[in-house]
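Form predicted on its own, single chain, as structure tokens, below.
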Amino acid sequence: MFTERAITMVVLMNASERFKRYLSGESVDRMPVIEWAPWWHLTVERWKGDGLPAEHAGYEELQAYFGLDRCLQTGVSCKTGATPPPPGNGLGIMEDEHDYETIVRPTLFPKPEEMFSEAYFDTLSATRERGDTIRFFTVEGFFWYPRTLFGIENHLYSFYDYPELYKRMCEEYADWLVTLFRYVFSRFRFDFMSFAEDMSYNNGPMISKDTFDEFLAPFYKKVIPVIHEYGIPVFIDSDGDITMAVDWYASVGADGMFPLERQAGVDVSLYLDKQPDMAFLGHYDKMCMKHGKEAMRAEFERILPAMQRGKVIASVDHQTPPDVPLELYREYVSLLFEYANKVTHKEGGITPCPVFLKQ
């Protein structure tokens, strides 16, 4: 029979509250159990062949099917339907100031109040009241956003060829983001916020610290404090080796990073030493999953000490590959719950996420 204290804890431990308490260093019943990214469509097709019912193949339906804490993303862009698409993968839609002025700029920055219906805010509120869903809000970061306009190669040249244009683009984007955040977050407080960046690859960042400080940092320092006003922690989404980038993003106020891809050689225990105020999501090596239960257990054992130090939410370090059968993924979920239950923070045991200290 539950004691009164136990009943109180059970009531508190809905998905949203669990996530917040976990990052706050408060006691929890277990670590949040989430998949932050949609499953790869090739993986889902493989699982259908393994017996996954078609009615459970959607992203939200799969989370319920596996019994995970639901984690749903709201992603927005400053582009509109009038913004021209790139002519090919990785290519841009502009080259210089003239292109930006005449082709791109007139199509950007929709009014936030025209981007969201009342019905959508009602849906967000309903899932919060239901208590089974973590909601996060995503926009493009100040490395990602210009890349989508310049194209991959020209973007890297733009720091040298068009430095003032780059800064102007980010300044105008940052102003729009501030307006967007104040509108959206006054209506609904998301559980966390993410900036899509992908600034690193398997050998480290694609730009230098000096370039980051000049071209990205001022704009993060402008928008992150606005997000923090609403008590929302800020995560940076970057693939690759983020060992240097962790410190850079911490310096502009970011509260966490993900997905910590193991194949890039990242080590979350090092990040906890360097940035004890930050939280981390992911880091579970997806490449071990095809090798069976014992290999998956060994990977959890590798991460467990970092999990027990606090503020590490173990999750697949990107999308589960299609060489993982449905039955093995079920084994993974079972192990994920087993190890999540080994992390029950006691109050005062870890450093709270700074944004929650301000509330």
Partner chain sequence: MILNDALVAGMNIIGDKFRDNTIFVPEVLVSARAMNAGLKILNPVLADAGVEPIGTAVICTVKGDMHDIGKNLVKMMIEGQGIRCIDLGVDVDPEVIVAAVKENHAQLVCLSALLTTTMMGQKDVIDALVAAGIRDDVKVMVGGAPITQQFADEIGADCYTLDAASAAKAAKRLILEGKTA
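Small disclaimer: the values here were computed from a predicted structure and weren't measured. Residue numbers count along the first chain shown, from 1.
This next part talks about the form predicted in complex with the partner chain, which is not shown.
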Q: Tell me whether W40, E153 and Y157, taken together, all sit within 4.5 Å of the partner chain in the model of the complex, counting heavy atoms only.
A: yes
(Q) I need to confirm a contact call. Of A217, I224, L180, M206, which residue comes within 4.5 Å of the partner chain in the model of the complex, counting heavy atoms only? (A) M206
Q: Using heavy atoms only and a 4.5 Å cut-off, determine which of S186, T102, N89, S117 is in contact with the partner chain in the model of the complex.
A: N89
Q: Would you point out which of 196-204, 171-179, 107-115, 251-259 contains residues with a non-hydrogen atom within 4.5 Å of the partner chain in the model of the complex?
A: 196-204
(Q) Taking any heavy atom pair closer than or equal to 4.5 Å as contact, tell me whether P305 reaches the partner chain in the model of the complex. (A) no
Q: Indicate whether the partner chain has at least one heavy atom within 4.5 Å of a heavy atom of P322 in the model of the complex.
A: yes
**Q.** Contact of M244 with the partner chain in the model of the complex (heavy atom, 4.5 Å)
**A.** yes
Q: State yes or no: in the model of the complex, is some non-hydrogen atom of T211 no more than 4.5 angstroms from a non-hydrogen atom of the partner chain?
A: yes
